[in-house]
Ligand SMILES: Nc1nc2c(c(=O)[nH]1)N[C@H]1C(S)=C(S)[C@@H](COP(=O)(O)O)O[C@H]1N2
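Below, in structure tokens: the form predicted on its own, a single chain.
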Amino acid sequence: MDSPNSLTTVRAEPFNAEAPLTALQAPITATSLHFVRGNFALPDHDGRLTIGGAIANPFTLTLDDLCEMPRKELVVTLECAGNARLGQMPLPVGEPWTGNAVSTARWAGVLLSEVLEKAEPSADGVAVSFEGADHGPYHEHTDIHFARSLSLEHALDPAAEILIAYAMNGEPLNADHGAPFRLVVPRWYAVASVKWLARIDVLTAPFEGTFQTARYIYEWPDRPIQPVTLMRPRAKITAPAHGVTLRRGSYTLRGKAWSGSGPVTNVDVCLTGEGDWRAAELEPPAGPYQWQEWSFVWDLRDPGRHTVRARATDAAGNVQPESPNWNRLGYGNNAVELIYVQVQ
């Protein structure tokens, strides 16, 4: 049985696991408690990263090569695109994540833009594909590697601060988190942060791989398909836990809030089902790519069952919806979180 202070296994093979709620209370999630997502078994990696495609200077990098380049450290919140899939009805296709497939870590590595500059992309390049060493059978494919892409403009932008990361929380990457190196794409759902990175190719046409065009897309029932990109705003309640019993008195609700569209500007809580929203205390961002702390002092006077909802608004004006935006593959569910507690 999974401990309240250990990862909760969602699938044993390939290993997928959610962070315990207690781990999400800290500013940085311990590596051993950071959520894990994989589509295939842990791969063998030859320790080389090949840079190719439509470039003037093809080359190969090793871990030692990367460590000799200028080092960049970033604190980044990563969230699985399928986080809270269990909150959508009817149940979509995919891993049954509840709401804890999110974590924040301190990543270290090399800026992708600097690596691509050395490669000198062709003038007709439009996209960059990133292939992991992980592979296996997948639906109609007998064997396929996990691969995703970004636009060349995004990949080349130094301000995007996309990392080829080789360290996590001050230690070398471990196998579950993409050793020996991986991509870390700030602001985007974690699918973009390809693990066990083995190959980078500049392309002269859009990438049409399975995990770009057939998976990790929003398949809406009433509108055109859209790609999964930026994380949507979300306020997560980290204390108290859902369903716990509290004593009457003053209690401080706590949580985290984040968005891929910029900082969260306010978090509101509601203690009824009637939309009576009250402003929580929101801490300013500690960095451009990490979650923010929020709190709300709650006066628990009456015994019985009490509900709490939390809602985030980001700098772009995006507000969490009251109910999930259903899509066939269950991505991007950022509906307002609801918990209840018993008061005695």
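So that there is no doubt, residue numbering starts at 1 and follows the sequence shown. The structure displayed is predicted, hence computed values, not measured ones.
The discussion below concerns the form predicted together with this ligand, not included here.
The listed set V110, V264, A127, C80 contains one residue whose heavy atoms approach this ligand in the predicted complex to within 4.5 Å, identified as C80. A heavy atom within 4.5 Å of this ligand in the predicted complex is found for one listed residue only; from V76, L150, A190, I237, this is A190.
Contact annotation: this ligand lies within 4.5 Å of heavy atoms from the stretch 191-199 in the predicted complex, the single such stretch among 116-124, 88-96, 252-260, 191-199. Taking the partner from the other structure, this ligand in the predicted complex has a heavy atom within 4.5 Å of a heavy atom of R37. Contact check for D268: every heavy atom lies farther than 4.5 Å from this ligand in the predicted complex. The closest non-hydrogen atom of Y216 lies within 4.5 Å of this ligand in the predicted complex. When contacts are judged by a 4.5 Å heavy atom cut-off, F146 counts as touching this ligand in the predicted complex. Contacts between 219-237 and this ligand, taken as any heavy atom within 4.5 Å in the predicted complex, involve no residue at all.
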